[in-house]
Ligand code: NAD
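Okay, so here's just one chain, in C-alpha cells, the form predicted on its own.
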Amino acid sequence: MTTTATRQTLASYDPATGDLVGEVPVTSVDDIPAVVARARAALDGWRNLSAEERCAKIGAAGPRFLERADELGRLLTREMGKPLAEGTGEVKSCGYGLEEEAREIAAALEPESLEDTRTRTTVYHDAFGVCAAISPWNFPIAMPHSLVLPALVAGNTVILKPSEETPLIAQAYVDILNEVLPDGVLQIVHGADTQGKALVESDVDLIAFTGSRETGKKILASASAGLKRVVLELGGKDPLVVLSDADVDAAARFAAINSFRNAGQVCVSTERIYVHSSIADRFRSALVAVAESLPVGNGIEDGVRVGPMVSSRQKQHVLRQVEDAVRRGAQVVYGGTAREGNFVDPTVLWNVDHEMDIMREETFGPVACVQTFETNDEAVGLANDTPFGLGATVFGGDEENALAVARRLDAGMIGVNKGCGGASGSPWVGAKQSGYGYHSSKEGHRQFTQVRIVSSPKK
C-alpha cells in the first residue's frame, strides 16, 4: 500500500515489469459497517424482485463485458501476469451467455412440491441476506464471478473483497455490473488481511471464500461466533496417477500443461505426479519435451505460454520449496532456474518423496514433481497421503481399471484421461481440507440460499 497526506491507496504493479498499473483507495475498516448497512438497506428491494427480473438486470451486463474484453483482458494480464489470450478469455467467459447462466441458477432455486397422504409441502430457496464474497488473485475476474453471480441471482446483496494483488480488474468487474444493478446491491471493499478480517466479523449473513486453507480456517473460526453460513473453496495438492498402460504422450502433455498453466497458479494444478516405474523413462522424456515448448515471458507478448509469478513473495515461496527438495535428494531434470524479476522457468523434479515440503504443502508455481510407484495400491496410498482433496487425475489405457483407481482417490473431483472438471451442471467441490460446502451445480447454487418449507394439510 501507499500513503498520501489525505488517504491510503492500494497500488497494483505489473509482475512482469514492476511498473505501476494503477491505484485504488483502501476501504477504511471504520467504513465497513456502513458498507454492510447499505447492503442491508438494499436487500429487500433486490430480493423482492422476481428471479426473472433479477436475471434480466444481471444479464444486461453480458454485452458490456464482451465489448470491453480486449481492454479488460490487457488490464488483467498487466495486473496478474497470465498470457493475454488467457486474460481476455477470462473476461469473455463472464460475458458470454450471462443472462442464460443466471437463469440456469434461478431454475435451481425454483420452489419444489412434496406431498404424502396427509401433508402438502413447498420447499423454497430464499435469499440468505448480505453475502461477503472474498476472492483470490489467480483468476481475478472469474473467481469473483463464481461467487458473486449465484449470490445475486438468489436475491442476496453482495460485498466483494478481492485480493489486494489484483484490485483494478475486480473494480472494473464491479463497475460493469453496477451499471445495471440497483444501488447498494453490489459493493466492493479494497484492502488486505485487515479489511478481510473486519468484513468477516461484520454484520454479514453469509461468507463465500476462495483461497488458501489457512485463511479458510481463520474465516471459519471467526464466523463460528455468529454461526454465519460459510462456503469455502480452499487449496489443493492435486495428484496425477499415470498407470502402466497409459498413453504416455497424452499423460505427459496433460501433466505439463496442468502443472505450468498460469505459471502453476491454479487451485487444481497438477502438483504431484505418480508414474508407474515401467514407463517412467518415457514419461520423463515426453514431459521435458512439452516443458521445452512453452515460452516464458511477459504475458502481453505474443506467443508466451508461461507468465510471471504474481509477486516476488510467491516466487520466493516456490524457489524455497524447489531448493529444499534438491537438498533432500530431488533431481532437477528441466528448468529450476529463476530469471530476473518474478519469473520462474517451468521445472521438472525427479526422485521426490513425501518427506519433502514440495510434496506436502501447496506450491502454486510452475513445478512438476514426479515420483514412481510399483502397484496401484501404492499409487492410491501416495495420492491420498495429504490433507488436501480438491482434484485428482488418473491416466490409464484400461478405462475400467483407471475408473476403479479413480474411485479410491480422496478428492472431490477426479478426471480419468482428462482434467478433473465435470460436465455442465457438475459441482465444483473439494474433499477433506480443500472444501467446506461447495458451489456450482444445482446443490451448489442452493448454498447461497435459506431453505424454508411451508406445509398445509392435504385435502
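Residue numbers here begin at 1 and follow the sequence given. The shown structure was predicted, so the numbers you read here are calculated from the model rather than taken from an experiment.
We do not show the form predicted together with the ligand, though everything after this point is about it.
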Inset, instruction - Could you check which residue among 236, 83, 140, 239 gets a heavy atom within 4.5 Å of the ligand in the predicted bound form? - result: 236
Inset, instruction - Name the single residue among 184, 136, 95, 129 that comes within 4.5 Å of the ligand in the predicted bound form, judging by heavy atoms. - result: 136
Inset, instruction - Can you check 74-82, 291-299, 172-180, 213-221 and let me know which stretch has heavy atoms within 4.5 Å of the ligand in the predicted bound form? - result: 213-221
Inset, instruction - Answer yes if any heavy atom of residue 193 is within 4.5 Å of a heavy atom of the ligand in the predicted bound form; otherwise answer no. - result: yes
Legend entry - 4.5 angstroms heavy atom contact with the ligand in the predicted bound form for residue 197: yes
Inset, instruction - Could you confirm whether residue 308 comes within 4.5 Å of the ligand in the predicted bound form, counting heavy atoms only? - result: no
Inset, instruction - Check whether residue 411 has any heavy atom within 4.5 Å of a heavy atom of the ligand in the predicted bound form, and answer yes or no. - result: no
Legend entry - Residues in 348-372 close to the ligand in the predicted bound form, defined by a heavy atom within 4.5 Å, in order: 362, 364
